[in-house]
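What follows is one chain in structure tokens, specifically the form predicted alone.
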Amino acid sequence: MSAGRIRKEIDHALLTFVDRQRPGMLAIGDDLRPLLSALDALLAGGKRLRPAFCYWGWRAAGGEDIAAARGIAVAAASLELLQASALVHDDVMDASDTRRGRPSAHRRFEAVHREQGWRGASASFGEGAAILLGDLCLAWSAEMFDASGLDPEPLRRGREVFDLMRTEVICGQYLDMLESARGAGSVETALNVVEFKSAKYTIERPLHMGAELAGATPETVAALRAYGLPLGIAFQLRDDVLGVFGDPAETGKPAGDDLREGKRTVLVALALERATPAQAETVERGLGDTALTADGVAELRSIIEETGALDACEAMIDRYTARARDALAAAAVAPDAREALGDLAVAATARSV
């Protein structure tokens, strides 16, 4: 199955599930319509990386039954609801104004409250509504997975990984908040956040889940995880670079937004480790400043480049990507899956989005 065809199957499964949920929601009350509209807007975008890795994990482990492939598309698509939950909650915690070039969910609900002239603080209403939307997506992700139509035994195996992945990403998110609050992170601690907040969740566990759904041997699972974890780290390091140096037209977020949000990324940790006292003071002063101007962003960018942190981060991306490619080359997987996973490695670490 081609990448385009897989994308269409994933999109169809996702939209079909949400459409089935819609009447039940609206039967509760028409006031829930804005909640569904916010979800529709969020699900309309995205690269569908997690479902793609899940599908190719299934194929890599020998999955090929056409009837089962329909169930795999549904099970893989459930990861997009999990991703929607993580994004909505992440934007609340980071006080992000935009997501994929549109207002973030909490800003969307905040605007509705303000326009209607309702009581209370618009910001508090927006955050509360967004948290509930994220919770709904989290609940629906499990419901969609369980209703995929796959046989009970592969479903049980896959569900174990799915549950683990949800736990890991929540723990990773907490560690990310903790690093920002402490304000003294190292490259090592930043990499630990990367592993659990992003690398496992984005690539390693979706591959692992797909492989388990196909009944993979422990050797195949280990081989796919050896490919998935370093690629997941490279993916997040690339995302960190784009969060500072990316083009807003491509990233969907204002330039330097990660700096304004005070994210203690590997890129920032590398800069602080290599900075002079004066440079470090400038970075610490600007990091987390929500009012940081374009000039302030440019100044921090210059320090990141001058310290060699950007080049060091690019070298790390290359090393982790090479490690993933070596693991994939050594893995005993289906030829079409090997080719597709190689293409996904390029897509996940591209210098633009």
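Owing to the predicted nature of the structure, the values given are computational and were not obtained by experimental measurement. One rule holds for the numbers: they count along the sequence shown, beginning at 1.
Not on display, but discussed next: the form predicted in complex with a further copy of the same chain.
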property	result
Exercise: R107 in contact with a further copy of the same chain in the predicted bound form, heavy atom 4.5 Å	no
Non-hydrogen atom contact T167 with a further copy of the same chain in the predicted bound form at 4.5 angstroms	yes
4.5 Å heavy atom contact, A214 and a further copy of the same chain in the predicted bound form	no
4.5 angstroms heavy atom contact with a further copy of the same chain in the predicted bound form for E273	no
a further copy of the same chain: the contacting residue among I28, A294, A315, A44 in the predicted bound form [heavy atom, 4.5 Å]	I28
Heavy atom within 4.5 Å of a further copy of the same chain in the predicted bound form - residue from S180, S186, T98, T282	S180
Which of 73-81, 224-232, 191-199, 241-249 sits within 4.5 Å of a further copy of the same chain in the predicted bound form, heavy atom basis	191-199
Partner contacts in the predicted bound form for 137-165 (non-hydrogen atom within 4.5 angstroms of a further copy of the same chain)	L138, A139, W140, A142, E143, D146, R159, D163
